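Presented below, as structure tokens, is a lone chain in the form predicted alone.
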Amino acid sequence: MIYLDYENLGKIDEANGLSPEEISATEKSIKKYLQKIHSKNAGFYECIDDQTQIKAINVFAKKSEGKYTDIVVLGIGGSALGTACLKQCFKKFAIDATKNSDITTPNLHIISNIDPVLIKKFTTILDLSKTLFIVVSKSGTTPETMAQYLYFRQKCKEKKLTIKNHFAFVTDREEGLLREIANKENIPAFEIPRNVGGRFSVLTAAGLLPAKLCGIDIQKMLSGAKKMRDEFVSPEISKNTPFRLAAIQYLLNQKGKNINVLMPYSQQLDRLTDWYTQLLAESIGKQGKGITPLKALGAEDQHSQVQLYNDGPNDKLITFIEVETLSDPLIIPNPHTDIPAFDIINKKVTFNKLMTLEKRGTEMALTENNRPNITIKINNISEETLGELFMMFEGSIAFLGEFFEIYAFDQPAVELGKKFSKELLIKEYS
């Protein structure tokens, strides 16, 4: 369950906050914006109904049981960030261990860069005979991902491994090099729908395939996403969380808040901020318009960034994510009963309560200083809740595109950089 709390916006001055009336006045735009989004054939909220792909993923996962100790996702940007978020939430968070041989499901790794030090490191730690590489590229031509693929394919060949048993592709249904290779060599291949961009693809096979293989309940993820999709298509502002979030971001942008900080109070959601940073920046940063995303982590970044947010330029909207139940209560013990400064600990303070109070103190300070802040409240961190969060943020981006009157589903400046990089590569080695 997700609740968007923006009460603090009404507690600060008119120049920096928003009244309930300002927000509710945007409701007249919902139907029009939804019609425009539908007309653009944006498939991010429809792909979650694709039972054919889900069945194929489940069948493949069943056949793969016990075969692999390691699943390695080769991808970059939207092909990797969603999976990295899933990994941190449910498979490996906070503890920096490369591998764990005692688990019953495979280790999940994401190689999202072409740093040769990183590539070599994975070469030394992986048992290729027990590794499945998932190559994720919608176009099938992403140079960084193809370089990773070529490298690890050669390593598998050197070990005399059967390639189709150690690779799976996630790509376009019909076109691109990966699809061509898959068809020629009978390599398992899964689809990213053509009307779903990479940064919106976490709820397609790009995210669902590695999640399923590593024991994450993808049905619950999709259930949460569908629940939020019902809100996204609602014409009523009180029932449409994605629209309200987008309206707040846009209205505050018009008041000079062109930087948005996403600050979860949960270590498990740290990589969600990386995923959202791409989603916002690449979708809305166009035609001289846009909102600059920043990531922060509570309570850690209270001691590294909040000074700026509270006392620097008043050009930011801070969005907290508050988790009602982080874990079972973890009591802070007091071995220093003879020191008065620790007396408060004798009242059985928990880390849970301390985290909550730290967040509340931070938002109170921001509000006191007329710094706009809102809170996304969730009851816990689960597959269903994460599915809701993914869909909420994706839906809000679709609405933001309409508010800013830009097309949110392409990335022309990124493509230009790719073009120049390819030209430089050809020139360097021609």
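Please read all numbers here as calculations on a predicted model, not as lab measurements. We number the residues from 1 along the sequence you see.
Form predicted together with 5-phosphoarabinonic acid: not shown, discussed below.
Practice item. With 5-phosphoarabinonic acid left out here, work out from 137-145, 124-132, 308-316, 351-359 which stretch has heavy atoms within 4.5 Å of it in the predicted complex. Key: Result for this chain: 137-145.
Practice item. Answer with one of Ser112, Gln278, Gln302, Thr241: the residue that has a non-hydrogen atom within 4.5 Å of 5-phosphoarabinonic acid in the predicted complex. Key: Partner contact (heavy atom, 4.5 Å) among the options: Gln278.
Review point. Quick one: of Met228, Ile76, Ile218, Cys214, which gets a non-hydrogen atom within 4.5 angstroms of 5-phosphoarabinonic acid in the predicted complex?
Key: Of the candidates Met228, Ile76, Ile218, Cys214, Ile76 is the one lying within 4.5 Å of 5-phosphoarabinonic acid in the predicted complex.
Practice item. Examine Glu282 and determine whether its closest non-hydrogen atom to 5-phosphoarabinonic acid in the predicted complex is within 4.5 angstroms. Key: Answer yes; at least one heavy atom of Glu282 falls within 4.5 Å of 5-phosphoarabinonic acid in the predicted complex.
Point to revise | Interface membership of Gly198, 5-phosphoarabinonic acid in the predicted complex, 4.5 Å heavy atom rule | key: Heavy-atom contact with 5-phosphoarabinonic acid at 4.5 Å: present for Gly198.
Exercise for review: Classify Gln411 as contacting or not contacting 5-phosphoarabinonic acid in the predicted complex by the rule of any non-hydrogen atom within 4.5 angstroms, answering yes or no.
Suggested key: Answer yes; at least one heavy atom of Gln411 falls within 4.5 Å of 5-phosphoarabinonic acid in the predicted complex.
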